[in-house]
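Below sits a lone chain in structure tokens, taken as the form predicted alone.
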Amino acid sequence: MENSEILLRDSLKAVNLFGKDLICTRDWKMEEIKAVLELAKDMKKNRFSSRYTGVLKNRTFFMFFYNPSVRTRQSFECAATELGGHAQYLEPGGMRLKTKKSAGETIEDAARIMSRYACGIGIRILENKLSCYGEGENLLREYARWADIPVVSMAHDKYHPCQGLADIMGLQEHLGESLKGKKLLLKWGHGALARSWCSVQEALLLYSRFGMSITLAYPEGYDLDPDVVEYARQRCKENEQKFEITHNPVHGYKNADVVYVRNWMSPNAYRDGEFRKEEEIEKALRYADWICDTDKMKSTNNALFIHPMPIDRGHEVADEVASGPRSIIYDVGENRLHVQKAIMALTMSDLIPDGR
């Protein structure tokens, strides 16, 4: 056995994630997060190795999509297939589920019976399927309460753990294993999509835990969840790193090692139980000076550009940056597959944790 295999085996033996939910990385210890990343890197290196192709043999993963996707559905389906299992696509509209306006099966009943069929449940629920912020998080945790199998967030209104882990994996591939002391500019970009806070809030949680210095930049009136911001501030403090907030569209680029751009909605996006998407878009498009372009990127430390996609090109970021030589958007997009394979293997199979 090669040294790298021994180190990986020992790392996986140190944690036991079998049956554990992944709704937010904040719920996981650093050694558990690092074990996922180590396994994901080995899975990427040995993508179709027989070491992993039978990990989920004859097992089914339910994918519960309240909202559509491109990368999420593709990557989870590929992940299940490459582990020897099957991913089943489910739409709430095609199921008899109880809602505020209709009778149907409760979350308890649905989760309990689904636990008898599958090895895991993935749920994706975002802004326009909710009546208020936090409702998606509550739904996932209610499923987790009743399910006997792991519940994995495939993106919800508060967090996007799989995206955050894919981000970290990509940064480590380009900047080295230690990210401590690297400067991140996490900035709002104007755009026409009125996105939820999930990806940027997950980035705040994870990047701060990995010891990065963070500048959070957005126009006034686009504050994120104060609990998440304070958590990131404290993690930066513990790691002796700087955390700052600016409302200037240019400040923060100087000497940045990583520039992460994402449009997100304002805290006023929900009113009277309704997501006001068109109002959010109209308001956001007034801030054209918040685009990330080559002139702004010149003051960085030859920074990597990162974005969870889909990108609103010409609004959030200029094409020459998004498709430029320092953009790692496709690397990170690919890493969604490998990270999700590692999560599924560690939480839904008993073949990985003991190093067999």
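Numbers follow the displayed sequence, beginning with 1. Source: prediction; values computed, not measured.
There is also a form predicted in complex with a small molecule; it is not shown, and the following applies to it.
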I'd like to know if M30 sits close to the small molecule in the predicted complex, meaning any non-hydrogen atom pair within 4.5 angstroms. no
Should G54 be classed as touching the small molecule in the predicted complex when contacts are defined as heavy atoms within 4.5 Å? no
Under a 4.5 Å heavy atom criterion, is T72 part of the interface with the small molecule in the predicted complex? yes
With a 4.5 Å heavy atom cut-off, would you call R336 a contact of the small molecule in the predicted complex? yes
Identify which of S208, Q201, Q163, S196 has a heavy atom within 4.5 Å of the small molecule in the predicted complex; exactly one of them does. Q163
From the candidate stretches 283-291, 322-330, 301-309, 41-49, select the single one in contact with the small molecule in the predicted complex, where contact means a heavy atom within 4.5 Å. 301-309
